[in-house]
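What follows is a single chain, given as structure tokens, in the form predicted alone.
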Amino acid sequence: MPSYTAPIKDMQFILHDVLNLTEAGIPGYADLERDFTGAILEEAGKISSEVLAPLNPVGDTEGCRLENGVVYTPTGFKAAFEQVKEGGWPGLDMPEEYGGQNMPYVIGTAVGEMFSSANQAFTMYQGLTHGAASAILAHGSDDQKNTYLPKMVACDWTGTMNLTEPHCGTDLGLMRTKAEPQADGSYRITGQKIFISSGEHDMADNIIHLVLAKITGGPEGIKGVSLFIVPKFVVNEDGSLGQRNALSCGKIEEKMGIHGNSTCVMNYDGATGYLLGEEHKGMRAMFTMMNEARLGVGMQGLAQAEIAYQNALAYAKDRLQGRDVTGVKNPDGPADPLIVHPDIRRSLMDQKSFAEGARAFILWGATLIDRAHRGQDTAADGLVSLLTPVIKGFLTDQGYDMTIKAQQVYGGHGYIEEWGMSQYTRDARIAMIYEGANGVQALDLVGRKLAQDGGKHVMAFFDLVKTFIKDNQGQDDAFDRDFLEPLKKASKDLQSAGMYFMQNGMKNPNNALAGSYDFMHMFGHVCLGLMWAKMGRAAMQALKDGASDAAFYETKIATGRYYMARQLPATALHLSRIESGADTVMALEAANF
């Protein structure tokens, strides 16, 4: 059976050696001393390895079942959910006034990676609740916050987001779900939503659905969409649960992966709902959830890559197969372990360098969110808005690819369910699709985010890279050669792509859109290149300072060199594709495909 060990040492290195949390100047960060974060991560790692990870194959094998309108989660999920609740994990970074612990978002992100690696399907129940609670926190009235947040922060009540309908996904302006105003200020919600993760289950007393719908008589299209709180059980004025609302789970979807999460068809038959935020401003309120969810989904790509890599590495060290071409390494056995072979090493280094770079990228992104929200920093808010489609799109594409590489290390055993590797590939696949398919992320990046606020956020990113290179060059020839020069070259490729869009996108928008996916991946590689340069710098400094665990830092430097030499040059390929324009992409008539 596969196993999971939380990468606490690597997280601590990123948080303290690279991001220097206590000196970041972000409100609440001064308290994040190494011992303090270590204690939190140790406890989270323990519950991940000992409680959640053993349930991962159970959830995959059993799935959820719908009986007489009730969804039953897999064996052990309910007890584990109680254990997670008792530890206060769902409210780790939520406000104290509603029962949370008010930790910075970066700590919740690190813990979230562990939980998702150990059991992605399970962790989605609390993750979606966190997103729904965040939307209510940002857009709800005081009464709504007081009614729903304490229970949701504790996960006594869970939450969902209801966007997609059978006939529309990304184009939400086509939705048909109606909201009819009632005399008491509530609304009657009627319609059907599909693909609703955690839509019905047996682990909470109530489920708070956030539902997009159109108020009768409102504007057409996306401008007429509003957001509503639609509880499974109507909440009485005293906070107790009242009658069952007119909503139900019509079906559980049969899915490729995340079997332990109940993905539901939800039917609303005149259900009582309450407006969240302003009329016809539903997308603005929903995007509070969507942006948080997209960062969380990017983290899922990393999380599945990490656990797949851990098990592939263990297998490669244990499995005997062939002999090392440079000389026998296991003379007492009939063959050498797989890990002696260069192609296996290549695969493992791809996985390792991605996971560690992606972890730094995610945690850096989380500090930008903290800087924006806790420090009211508009520049940080603009930068993380720019990076959100990169985090979501690039990390989930690459994370899925890494699970396939891990599966390949196993050979035929990787294809056999008994070994557990296929679950990581199947679970990772959804992350490329939900919360905005990755093609849409690329379009959002190129079509909207690059030009946002006059392009100042992408220029700020380029300045950030330029400043790092300038501040660190000339101190160490090896660092300049192995880290700074590749980063400089990749950043120039990214700038050249942006220039191409400016020069060619206006006269023919397809020139920009046809290159958007390559641009998203190019941007992702530059971000990971920047993270690896920062980690390389920090590791070299630690060695100069006489760090006791020299092997850890030497390994970090070697892994970074691999990424800069073997992965970062992909930016040149992406640039070449972008500069080829849209002609070859759009050449065929639809009938000729």
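Note that residue numbering follows the sequence shown and begins at 1. Everything numeric here is computed off the predicted structure, so don't read it as measured data.
The form predicted together with a further copy of the same chain is left out here; the points below concern that form.
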| message | So in the model of the complex, is a further copy of the same chain close enough to V325 to count as touching (4.5 Å, heavy atoms)? | response | yes
| M586: heavy atom within 4.5 Å of a further copy of the same chain in the model of the complex? | yes
| message | Does any part of A478 reach within 4.5 Å of a further copy of the same chain in the model of the complex? Heavy atoms only, please. | response | no
| query | So, in the model of the complex, is R566 in contact with a further copy of the same chain at a 4.5 angstroms heavy atom limit? | reply | yes
| a further copy of the same chain in the model of the complex reached by all of E253, D343 and T559, non-hydrogen atom within 4.5 Å | yes
| query | Here the chain is shown alone; which of Y400, Y72, F81, Y274 has a heavy atom within 4.5 Å of a further copy of the same chain in the model of the complex? | reply | Y400
| note | Checked I222, A379, M502, L313 for heavy atoms within 4.5 Å of a further copy of the same chain in the model of the complex; positive is L313
| message | At 4.5 Å between heavy atoms, only one of the stretches 63 to 71, 531 to 539, 547 to 555, 32 to 40 reaches a further copy of the same chain in the model of the complex; which one is it? | response | 547 to 555
| Within 397 to 423, which residues come within 4.5 Å of a further copy of the same chain in the model of the complex, counting heavy atoms only? | Y400, I404, Q407, Q408, G411, G412, H413, Y415, I416, E417, E418, S422
